[in-house]
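The chain below stands alone and is given as structure tokens, in the form predicted alone.
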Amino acid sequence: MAKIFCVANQKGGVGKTTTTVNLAAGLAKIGQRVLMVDLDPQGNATMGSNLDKRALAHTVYDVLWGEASLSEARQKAVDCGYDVLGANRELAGAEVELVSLENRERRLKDAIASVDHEYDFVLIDCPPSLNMLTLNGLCAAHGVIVPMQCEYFALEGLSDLVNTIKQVHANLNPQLQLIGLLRVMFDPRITLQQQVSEQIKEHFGNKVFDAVIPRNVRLAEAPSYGLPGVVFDPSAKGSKAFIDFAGEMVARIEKMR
């Protein structure tokens, strides 16, 4: 049985997709079987896994609609070492269309259930808003990984997300929990970032991952080559941090079992 995690944050531009593809690649590098689900209509996680979102025969949209099974729709990201359920602009209409469907918030959960014995981890890249797509991700997941920058406004959005997780836990998915907060794009030279990092650790304690992802040029360049940084330049500081994070995730899951 796979452990299923959403990578979510209602704030945009905080590195959700970078976290998802690099964690997937990092887990694959340390021998884990990984499925990455792209739930964002922009399809950046699909493109960042060296797959052409315009050329996909089936996408997560077809899976949510029941027009294709997950095993039919998934693709092998050969260079990256994991499987991908991709997305493209088709998914943009799903928000409205899903409202009329039966069991609308659990369609992704049901689809993943058909293949979860084939994987150790399923990672879901959520869009930067709380909509029906994100809700499908939260209902399918065992936990939420929250990438966040150590800036003041990030703390504001974080309380909203924690409340959302509590509501979904209470009403739709009693398994859902906050797995941890990942500090990304971190620059230790900036005093404010150090202060916010300390505040986060004081407030959330062991929910804050030990791994810290530094601001790194090679990680930023990697998507233009259609690859996770972990694959594009394994020796880069940011790539090594993500491989450390993958190891920490595996260790944390072992403790939860």
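Numbering starts at 1 and follows the sequence shown. The structure displayed is predicted, hence computed values, not measured ones.
FYI, the form predicted in complex with adenosine-5'-diphosphate (ADP) isn't displayed, but the following is about it.
Taking the partner from the other structure, adenosine-5'-diphosphate (ADP) in the model of the complex has no heavy atom within 4.5 Å of any heavy atom of Pro41. In the model of the complex, at least one heavy atom of Val14 sits within 4.5 Å of adenosine-5'-diphosphate (ADP). Shown alone here, Leu219 lies within 4.5 Å of adenosine-5'-diphosphate (ADP) in the model of the complex, counting heavy atoms only. None of the heavy atoms of Lys29 is located within 4.5 Å of adenosine-5'-diphosphate (ADP) in the model of the complex. Contact with adenosine-5'-diphosphate (ADP) in the model of the complex, defined as any heavy atom within 4.5 Å, is confined among 66-74, 211-219, 53-61, 198-206 to 211-219.
Checked against adenosine-5'-diphosphate (ADP) in the model of the complex, the residues Met185, Cys80, Leu182, Leu176 give one hit for a heavy atom within 4.5 Å, which is Met185.
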